[in-house]
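Below sits a lone chain in structure tokens, taken as the form predicted alone.
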């Protein structure tokens, strides 16, 4: 009788032990399952966070930037165009001049411009613009007359002196036959390092027609989405 009771108690202990083991195994499996199911959700959350931060960064870089009109003028044509652009867009206006002024005589200026180009010169310039101020601009309207099928060498000096990386550069020019800017596109793209040059959107006007082109200039600015 005692032996049967002892066997019965032993069976009870074995059964309880087995049930406890099954419970522990089930709990472990549930925890592992929860872990596995949580992983995709965690990765998705991380991806969503990264994408949100990237979008915020883009908005920060392009949402509050200012616009600059920078130009070089000899005859006054670019001066007029630049002022119309600045007035229509509300942009800041900065003129580039050579420290050694070009001669009043047109032929002498032509000869000097050709000499500077042949020597790949970088004439010293006067410009009221600091590196810190330049950093505030997202968009730069870049104005020049076509000289010897290229931009004037003082504008080379400008491009090599300022950091335009991350900015949008939109050219405008006057010409006496090189309506497409000739070599200007290649020059600006090579020297405005890291910028986006929108030469396909450039404004090109023959020098003798500039004085009667104010409305065309203003319409161009509006068409690009920069009108006030």
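Positions refer to the first chain, counted from 1. In this text the structure is predicted, and so the values were computed from the model without any measurement.
Another form exists, predicted together with a small molecule; not displayed. Remarks below refer to it.
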Point to revise | Among 82-90, 107-115, 134-142, 120-128, the region lying within 4.5 Å of the small molecule in the predicted bound form by heavy atom distance | key: 107-115
Review point. Looking in the predicted bound form, is the small molecule within 4.5 angstroms of a heavy atom from every one of 77, 146 and 175?
Key: yes
Review point. Within a 4.5 Å heavy atom cut-off, is residue 157 in contact with the small molecule in the predicted bound form?
Key: no
